[in-house]
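The chain that follows stands alone, in the form predicted alone, written as structure tokens.
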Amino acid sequence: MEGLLHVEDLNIEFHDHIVPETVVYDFDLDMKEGEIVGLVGESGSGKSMSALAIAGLLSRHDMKKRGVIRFEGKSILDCPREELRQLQGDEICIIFQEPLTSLNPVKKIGWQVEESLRIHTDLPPEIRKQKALEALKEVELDDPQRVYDSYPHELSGGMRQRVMIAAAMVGNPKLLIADEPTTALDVTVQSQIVELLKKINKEKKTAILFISHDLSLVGQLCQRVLVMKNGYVVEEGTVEEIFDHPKESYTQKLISAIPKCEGAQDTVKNNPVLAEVEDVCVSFTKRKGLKKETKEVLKHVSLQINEGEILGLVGESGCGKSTLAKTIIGLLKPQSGRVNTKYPNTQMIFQDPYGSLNPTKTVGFIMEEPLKNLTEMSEQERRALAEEMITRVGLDPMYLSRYPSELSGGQRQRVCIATALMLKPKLIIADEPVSALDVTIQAEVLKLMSDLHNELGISFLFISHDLRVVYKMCDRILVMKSGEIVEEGNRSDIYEHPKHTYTKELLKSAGL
């Protein structure tokens, strides 16, 4: 007897290029009602393609799919389109990594949560609204009526992801596919979403296929795990088998790449001050109807960054981390207080490397542009420095002629780091530089930044919501909440002897 979902020998082949490309090979998966299965692997391993095929969301025209996908005995691959639509959004639902791009920006939340009810039921509007409000309440959103009447941009990232879960669960589906649902979220919000998925699974018996590159979350949520590489499932087992006794070398590599909070020693660096922030306040004013509202984002913030140190800055989204970074680099002007930097040319590395790079220019053009604007170097000198820096970050100079779209996520982040090095800065601000990367690519980029720090003496302000990464990278750590620095200390002070309640809450959410 088959369970809820049966996938056998699934092969997916793209036909939108001159040469057909197979992205999934012989994929097998069986899921029972109420089971939680994790699907892990690097970008391009075939995780999302397999999930989209199960959800019936892959095009039927520019790709070839071979094999079997049966949901409660019904074939997903070759059933009539009308029958597939009855399953989608009703029996099978999917939530994606970035809720802001998944939600319609011009429709209110209530309209979007009710959508599957409008399509799959004949319920009157008042009953649909009642069910939508109940769904918003079930995902633990405060004031469901206010959320119901809001637009997506008026909600935080964590609230938007809860809305996506509410929209998926409003019709009580039997299978929920969660494709990287926590990647862009803070550690506390990640923990809340995982607990919410556990609650849904327990109370509604909903089966969950959880796709993630964050192995620590997979370990917290899932009962069974499939590991994918280059389109193949290379290992499968219970969470205990995969995490405690991995057999395949690739699985061992994934597990070993998880940053661990152990073994690091505090290093006291009494170096000269490189940059200083003194009593800085930053506010933003926006118009709401006829009224203006002012929000204070940074409240009397003071800190020092010393030469040759990596200073960590942690805190939830909206606490002011990125605003502080932009103020230090000079992109924002504080209403009061001041920023003193000993050297010019402070550079910044952003979270999303693809969004940071001009898609219409080559890597070489992008890297040389700061030199064109700020130096009088010749074309040959600029090219030679670009070749030197791209080699330093572990890429071949041939990549200078490529466009950002022709690079992987890890390669693009290396290009961003190489670009930051072009003006030979003493200070680099890294704003969530690895949160969007796979665990193995993350480890490579972190090692690269650490090597640059040691070899060139570059100081970093390292902003992250991943406390394991911060432990591995940083000498000293600042904890930020609601625009204020609430705690500061060396690594052992923060991780072993936290004083502030918020710091303790962050560490607990991260499982530390």
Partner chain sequence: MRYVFKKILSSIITLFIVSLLVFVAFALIPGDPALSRLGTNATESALASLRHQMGLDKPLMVRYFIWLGSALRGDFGTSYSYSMSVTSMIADKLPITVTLMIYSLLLMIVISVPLGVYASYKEGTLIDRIIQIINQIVMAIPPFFSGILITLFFGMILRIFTPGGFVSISKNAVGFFGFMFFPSLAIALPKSAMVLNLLYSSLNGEKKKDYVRTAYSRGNRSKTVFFGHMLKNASIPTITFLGMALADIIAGSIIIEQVFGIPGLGRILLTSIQNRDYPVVIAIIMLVAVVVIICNLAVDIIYRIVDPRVEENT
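Note that the structure is predicted; figures quoted are calculated from it, not measured. Residue numbers count along the first chain shown, from 1.
Omitted here: the form predicted in complex with its partner chain. The next part is about that form.
The closest non-hydrogen atom of residue 336 lies beyond 4.5 Å of its partner chain in the predicted bound form. In the predicted bound form, none of the heavy atoms of residue 223 sits within 4.5 Å of a heavy atom of its partner chain. Looking at residue 119, you'd find a heavy atom of it within 4.5 angstroms of its partner chain in the predicted bound form. Contact between residue 409 and its partner chain in the predicted bound form is not found at the 4.5 Å heavy atom cutoff.
Of the candidates 200, 418, 428, 94, 94 is the one whose heavy atoms come within 4.5 Å of its partner chain in the predicted bound form; the others do not. Of the residues given (273, 398, 384, 106), 106 alone sits with a heavy atom within 4.5 Å of its partner chain in the predicted bound form. Only one of 98-106, 135-143, 235-243, 386-394 lies within 4.5 Å of its partner chain in the predicted bound form by heavy atoms, and it is 98-106. Shown here without its partner, the chain carries 465, 503 and 505, none of which come within 4.5 Å of its partner chain in the predicted bound form through any heavy atom.
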